[in-house]
Structures are given as structure tokens and as C-alpha cells.
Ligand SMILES: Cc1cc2nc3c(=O)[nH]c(=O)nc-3n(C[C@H](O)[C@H](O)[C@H](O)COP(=O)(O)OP(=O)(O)OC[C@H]3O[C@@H](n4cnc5c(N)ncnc54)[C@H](O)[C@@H]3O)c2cc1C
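Below you'll find only one chain, the form predicted on its own, shown as C-alpha cells.
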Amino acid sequence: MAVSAPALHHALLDIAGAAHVLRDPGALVPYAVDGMVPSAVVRPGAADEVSRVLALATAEKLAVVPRGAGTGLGLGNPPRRLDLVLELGRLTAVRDYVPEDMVATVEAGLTLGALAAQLASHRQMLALDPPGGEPRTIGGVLAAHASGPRRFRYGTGRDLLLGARFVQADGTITWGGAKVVKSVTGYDVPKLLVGSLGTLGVLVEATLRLHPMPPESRSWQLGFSSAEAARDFLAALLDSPLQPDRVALLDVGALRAVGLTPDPIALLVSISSVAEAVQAQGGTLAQLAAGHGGRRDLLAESIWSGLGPAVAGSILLRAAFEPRRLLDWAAQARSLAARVGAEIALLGQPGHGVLQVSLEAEDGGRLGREMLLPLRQAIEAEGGSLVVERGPARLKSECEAWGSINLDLLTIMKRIKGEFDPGDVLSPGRFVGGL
């Protein structure tokens, strides 16, 4: 049903107010999802308004895509249909913060940067740091299951989300999880929402596990002249008693993008602890790097919040595989990118086998056929995956954003989707297998 129907428009105005419902065609263009422009954007100011919007959407059979800051909307397949964009940027409250328990309950539209500023007064942090993530909203980061270098020590959103309040497609507001660590009984529904891309429910509130901010932290660039030297050093680092909290691999393209010395390949490493431990471990790190021909340069701590340009290409792929294969797949990606004439920058997470491949190419079709698909096929043959995190709709239509999926698993996922969203209201078609 068209959102332009006067009665429906008046209903949205009644829910969110005239200032928070957009229908002007020019104003709607920035809210397009994979080129598909919605008929309206509504910006609810509270969970009950989200509930009323979704209840209305279900009754009118509208397709709704939730949106945070919009920085992660490139993830997923193009939607099968789109009527409403549900923008959650007005939900920015910190509902509850108990520093003694290191737990905070926040609304989904709060950005990572705003939350970090509030936690800093108690020297605490949310250990989620996707590259370029400060403007990203908590809800968006969890829905996309985005992570960054801190994953090395602290895990991902699934490890840090304790509880969630979310709105189901029919408008039902549901709470799941807990407000303390390790107290969930029954199915852990909140963790099911992480990475679901808003296809099961709209997250409006999250209870998050926090960590103390280390008293001292130092970071270094360890540059190597060859992938072999970097591989040997990385194996030695992971096998050593050193306790880095962040480790990232950057190729020359990524190093240039973030303004660092363009070594052929480099590892960024940070160590955080009390000052004496940081100094001692930093010395050991230097010796270890020198033993493998590496050069160590001290970096400003701000480098970790400045990694966004490394993955800012118009096309972004995320590959996951066995960690020991990180440098092999990095080399393969570079070789294929050179073959199709694409500019490439690589940002990897050693220890977890995650590689983000940022690309600029004039011919997206050739890149899909001659790079993306062969690379995906080879990685999937070893049990890994390759996802299109960002790219033109044509590329995702030709190559499918999520890659292959086990049919038995897809059957289970369809049942879950049908249970949470029987009317196919939430982000139809954007998730794995066209869910």
C-alpha cells in the first residue's frame, strides 16, 4: 500500500509529529537503500512510537528498513520493497548507568562517540571500535555485528550485549536478556538480534557490558618488507606471553589511506596495562619485531579511531576464514585486484581471520566476475565466507551480498524469521538467503 495515502500520512504525523515525518521527494533521496528511495521517513522519539509505527506498518503491509546513522546501510542485499525508513537517531538517552557494575543501558540511537564521552568520566569504555565507528549508533553496530581491533581482547557485540529491548514487527515491545553478566536463562534472544540486520525486530535499547579503561596504553607500527616476515612475526607474537589488546594488519594501500609510513605490510599493535607493564612489554615487542626484520615506530593513540579511511572505498568486502590464512588471502585479494585494475586497501584482524577489502574500480561488473566470485569460491571451499559490506546494487544483485548458505541452516533461519516477522515487514530481502 502506498505511504502517500492521506490517512496513512496523518497517522504517521500523529505518532511522531510533523517535524519528524519526511515525505518531500528531495528530502527522501539521502535515505535510499541500495538506490531504492522510500516513500516516507519517520523519526520516532520513544520506544512506544516505534511500536506504533511498526503496528501501523504491519496493518498496512508496508516494508520498513530501520536506520541508525546510515553508515552501515550498505550491508545486505537490495530490499525487495521499501516503503518506510525508520530512523532511530532521536533515541539517544542513557537509561541506566551503574559504574560499579560496569553496565549501562542505552537507547539504540546513541552513537559510539557520545557513549564513550559519557563513560570517560568513570574511566570505563564499551570495547566496540569498528573503523570509522564514532558516528555509528549502538543499534546499528549491533544489527550489523560490526567490530574492530578491540575484538582481539574483548570479543564482539555478541559478547558485550547483556540484554535488549526490541520492537517486533507487529509493534510488540519485548525485553530479553539481563542486566548482569552471565545470568540469562533460556534462549538468549538478544544475541540472536546481533547481526540480524533488523530483520527480526527493531532494537530500541541495549544493556551493555563495559570494561575499565586501561591506565596506560601505547601503540606501535611494526613494518615488514615482506608478507613472509610479517607472517613469522605474527605467529611468534600470538605464541608469546605478550598481551596486546589490539592487533591490526594493514597493507600499503591502507597505510597510505590513514597517513602512516607505507611499508609493504605492517601490523599495528597496542598494549594496555599499568605503565610498568606497558613499558616492559613494549621492549619485548621491539625485540621480537627486530628478530624478524621488522621496524617499530611509536604511534599516537588516536590512530585507532582514525582507521576509517582504510576501508572507505566505494566497494567493501569482508572475508572470514582460518586465522592462519590471513596473509595468504590478503595476497590473493591483491593479486585479483591488480588483474581487474582495482585500487585496493586491506585491513585485517589477526587472531580472528577477518579481512576487510576496500576497493575502487571503474567496472564493477568485471570486479564481481573476475575478483569477488573467484575469491569467494576459494574461501568458501575452505569453510570461510565473503560478504559484500558495501557496493553498488548491481554488484550485489549479480554476486549476492552474503554468499552461499547451507540449505538446512537457511530452513531454520526462515522459520525464525517467520516467527518474528510473519508479514515480512522488516527489511524484506536484505538478509542471508533473501530473508
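Just so you know, these numbers come straight off a predicted model, no measurement behind them. Residue numbers here begin at 1 and follow the sequence given.
Heads up, the form predicted together with this ligand isn't pictured, but that's what we're talking about next.
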Which one of Gln168, Ser272, Gln356, Thr105 is close to this ligand in the predicted bound form, taking close to mean a heavy atom within 4.5 Å? Gln356
This ligand: the contacting residue among Leu267, Val258, Ala144, Val340 in the predicted bound form [heavy atom, 4.5 Å]: Ala144
Check all three, Val202, Val311 and Arg430, heavy atom within 4.5 Å of this ligand in the predicted bound form: yes
In contact with this ligand in the predicted bound form (heavy atoms, 4.5 Å), from 287-295, 125-133, 208-216, 325-333, is stretch 125-133
State yes or no: in the predicted bound form, is some non-hydrogen atom of Leu346 no more than 4.5 angstroms from a non-hydrogen atom of this ligand? no
Should Pro244 be counted as a contact of this ligand in the predicted bound form, where contact means heavy atoms within 4.5 Å? no
4.5 Å heavy atom contact, Glu389 and this ligand in the predicted bound form: yes
Given that the partner is absent here, does Val194 sit within 4.5 Å of this ligand in the predicted bound form, heavy atoms only? no
Stretch 67-88: residues contacting this ligand in the predicted bound form, 4.5 Å heavy atom cut-off: Arg67, Gly68, Ala69, Gly70, Thr71, Gly72, Leu73, Leu88
